[in-house]
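Just one chain follows, in the form predicted on its own, and it is written as C-alpha cells.
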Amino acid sequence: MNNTVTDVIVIGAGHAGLCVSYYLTRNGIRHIVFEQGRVGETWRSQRWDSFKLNSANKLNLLPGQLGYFDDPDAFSFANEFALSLETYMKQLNLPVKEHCNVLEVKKDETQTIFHVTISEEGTESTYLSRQIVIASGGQNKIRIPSFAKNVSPRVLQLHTCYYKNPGQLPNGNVLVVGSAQSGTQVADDLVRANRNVFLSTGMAGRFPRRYRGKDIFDWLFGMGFYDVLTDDITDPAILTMKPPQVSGAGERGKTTSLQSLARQGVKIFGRAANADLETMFFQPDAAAHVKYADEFSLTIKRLIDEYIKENNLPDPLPELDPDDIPDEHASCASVITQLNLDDNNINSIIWTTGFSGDFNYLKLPVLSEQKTPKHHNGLSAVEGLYFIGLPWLRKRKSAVIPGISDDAEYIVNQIVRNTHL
C-alpha cells in the first residue's frame, strides 16, 4: 500500500489521458497516469501496417504540443502518431507510469478516497487518490459475432486489431466483415496487394475526402458540425452511428466508397447474419447500404454549400471525385445472400466489427447493465470519478482526436473545483 494520497489518478495514457494530464499539470494538481502498455498503446498495437489517421496532422496536436509533424496537411501513420504522443509526454514531463495494469478501482468505507490496485512487473500495489479519471477508452475488448465459431477451422479468422498486412494471411481470397472506416480501409489494403476481396457491409455513412478546395474536416470543424452537444440530440440512433467511411491513405487521403472498391474488384454483400462450416449468410441489404452512404455524402456537401452561402465565403467549384459519384441504382451491390467459402477459395476472414470497453476493474456503481459507463458529460454518479475519450461524451467530437482538448479541459475544471472545496 502506498499511503500517500494523490489528488488525481488518470487511467490510460492515450491522447485523452495525456490531454487530461496536461491540464492537471497546468493547474498544479498532483497526479499519476497509469498505462497498461506504452504511451499510445492502442495506436501501436491495434492498427495495421498501412493504417493512417483520418484527420490531418494539424488537427492532431494536443494542447501545448510543440510542432512535431513536418507537413501539417499530411496524414500520419499510427506509429508516427504514437511517437508524437510519447514525445509530448517527455517534452512536458507528464507523470506517466507505463506497463502498469489497473486491476481494481474502489472507494474506502468513508467514501472519500479511491483505492487503485495495479500490477507492475508482476507485483501488485495499491495507490490512493481523491479523484479518478477513466481514460482507458472504449476499444480494449474486441467484438466478433457469436456465429463466427461455426466457421470451419481451416479458415483463418482475425479481428482488425490483429490484422497487420496481407502477407500474414494464407493464399486465397479474403472476406472482410464490416464496412465502416476500418472495413473499407482494410478491403482497400488487401485489394492493393492483388487479393480478391469479398466485403460484407453495414449501414455506414461516407465523407468525401475533399470538397470545394478544402479537406472535409477543415469544413466540418470550421462550420461547427462537430460541436453539436450530446444533450441536444433527440434521436438516440445518432449516438450509435458508425464512423463514416473516409481514408487518410496516400499523401492527402482519399475518398473511400463501396462503389470505388467494387471498381477495384471487391464483391459487395449485405450484412453478415449467420454462418455454418463453409457458408456465410448475408442479409439482402447491400443496395440499401450503398444508397445510404451516397445520401450521407450528399447531405454533408449540402450542409457545406449552405454554410458557404450563409457566410458569403468564396465558392470554388467542387472537385471531380470519381470515388464519390453516387451509384444511383446500387449496381455494385450483390443480391447474393449466401456464400460458400470453400467454393470461392476464401481462406481468411477479417472481422472489422469493432470494440467495446472493458471496465470490469471498476468496482463501483458507475456501469450500466450492459457494462458501459454511466455518466453525464463525463461526470459519473460517484463523486470524484470521471470518464473521457468515449463517443458522444459531451459533443459529437468527443471521440475524435481534435475534439479531446475541449473535454479534457472541461473535466479538469470540475476536478479543480472539487479540489478546492
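Because the structure is predicted, anything quoted here is derived from the model rather than measured. Don't overthink the numbering: it's just position in the shown sequence, from 1.
FYI, the form predicted in complex with a small molecule isn't displayed, but the following is about it.
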Leu62 versus the small molecule, in the predicted complex: is there a non-hydrogen atom within 4.5 Å? no
Would Val177 count as touching the small molecule in the predicted complex under a 4.5 Å heavy atom rule? no
With a 4.5 Å heavy atom cut-off, would you call Val151 a contact of the small molecule in the predicted complex? no
Does the small molecule get within 4.5 angstroms of any non-hydrogen atom of Thr352 in the predicted complex? no
To verify the annotation, which of these, Asn140, Gln168, Gln91, Thr126, has a non-hydrogen atom within 4.5 Å of the small molecule in the predicted complex? Asn140
Within 4.5 angstroms, counting heavy atoms, which one of the listed stretches 313 to 321, 129 to 137, 289 to 297, 262 to 270 is next to the small molecule in the predicted complex? 129 to 137
